[in-house]
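We begin with a single chain expressed as structure tokens, specifically the form predicted alone.
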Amino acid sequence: MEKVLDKKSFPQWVKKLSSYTVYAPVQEDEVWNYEVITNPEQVNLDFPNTVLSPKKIIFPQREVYLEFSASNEDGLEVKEVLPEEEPSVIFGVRPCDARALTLTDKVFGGDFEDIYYWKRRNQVALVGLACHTPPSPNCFCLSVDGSPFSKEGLDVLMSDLGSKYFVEAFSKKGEQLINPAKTLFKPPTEKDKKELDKNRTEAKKRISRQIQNIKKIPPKLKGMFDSSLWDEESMSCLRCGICTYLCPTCHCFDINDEIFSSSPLSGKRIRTWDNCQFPDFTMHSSGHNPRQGKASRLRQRIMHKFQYFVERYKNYQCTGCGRCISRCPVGIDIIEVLDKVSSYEG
């Protein structure tokens, strides 16, 4: 389905989606993130990269699995806590972030589906915003098989045509978003389609950063486990974990029990994001840690995304959003690291 929508009609479309929880980029203290929208006039689609991707809505940083309590009379009572089933829509999803969710789907899907993840995932519709201009100077989606106009993982893609949006629906979810406000949408003209094609061509030219010889990287990494490159590149690392916390494809988590009272016993079992760059990420109960140094943790991050994931799922586990580069406090640049890998002769 292809339509055009006047920008002045966009808030009216959002109003028609009263049965959905609506998320959109919101700026607070000069930081953009996806938040619940109560006033459609708040929605501003002129924004740079958000700090966190929409992953945080579908795979929250903290979620409760179980609630438990004990009494002398009834013993231990355990209650499973499942996510509420409510339809949601996220506006302004960048194509790289939508592609990232398709990769996370592979991890939490397959033979053993994670019910907590899919309870949210199946309820969410994604309305993308094409990148006519890179939202970050460190975008490199073209290097990892992406595109500023990619439709992968999206239900709807909106492309800016000046005073209006070119709107494409790719799924039943997408069509269901448009139907309540279908009188606001018009068929595109040939001029609209030509302008869209021109914008797509120009958008690719504006992405200046790229990984050199990326296809060489997965096989090269196989022989680099003990390379001195990891020591050299990790020297300045602070172990803060920003690179993985902000990554739209990282999905490691920990499960812990929070005890509120020991007599009588009560508490919750929770899942929280974990981080392979933290020193205790691989700490064994014996006290042994197979990744004690920063070099081994940087190596794990790179190999997971560009060797292990490629071997298992046939995709790079990176969509080129550039957050890890832009936000690293010491300037570690994954593109520069990967370029050194591709030219490695050790």
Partner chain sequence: MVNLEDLKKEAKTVLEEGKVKYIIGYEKSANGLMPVPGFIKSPEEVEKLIWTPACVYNLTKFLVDEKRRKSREKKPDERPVGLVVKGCDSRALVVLLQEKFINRDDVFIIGVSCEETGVIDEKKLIKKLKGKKAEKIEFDEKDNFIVTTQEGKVKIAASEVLAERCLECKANSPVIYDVLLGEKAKRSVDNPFQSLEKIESLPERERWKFWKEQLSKCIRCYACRSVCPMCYCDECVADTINFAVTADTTAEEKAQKIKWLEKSPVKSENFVYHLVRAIHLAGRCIDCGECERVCPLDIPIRFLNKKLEKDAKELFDYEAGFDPEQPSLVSSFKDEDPEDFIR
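Numbering follows the first chain given and starts at 1. Computed from a prediction, not measured in an experiment: that's the story for all the values here.
A second form of this protein, the form predicted together with the partner chain, is not displayed here; the remarks below concern that form.
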Next item on the list: Could you spot which one of Glu30, Glu41, Asp46, Glu311 gets a heavy atom to within 4.5 Å of the partner chain in the predicted complex?
Entry: Glu30
Check: Considering the partner chain in the predicted complex, which of Cys276, Leu246, Ala125, Ile207 comes within 4.5 Å of it through any heavy atom?
Finding: Leu246
Item checked: Segment that reaches the partner chain in the predicted complex - one of 233 to 241, 197 to 205, 151 to 159, 99 to 107, heavy atoms within 4.5 Å -> 233 to 241
Notebook entry, point to check: At the 4.5 Å heavy atom threshold, is Lys294 in contact with the partner chain in the predicted complex?
Noted result: yes
Check: Would Ser143 show up as a contact with the partner chain in the predicted complex if we use heavy atoms at 4.5 Å?
Finding: no
Margin query: Would you classify Met283 as touching the partner chain in the predicted complex, given a 4.5 Å non-hydrogen atom cut-off?
Written below: yes
Notebook entry, point to check: So in the predicted complex, does Ser69 come within 4.5 Å of the partner chain, heavy atom to heavy atom?
Noted result: no
Next item on the list: Taking the partner chain as it sits in the predicted complex, which residues of 124 to 159 have a non-hydrogen atom within 4.5 Å of it? Please list them.
Entry: Pro137, Asn138
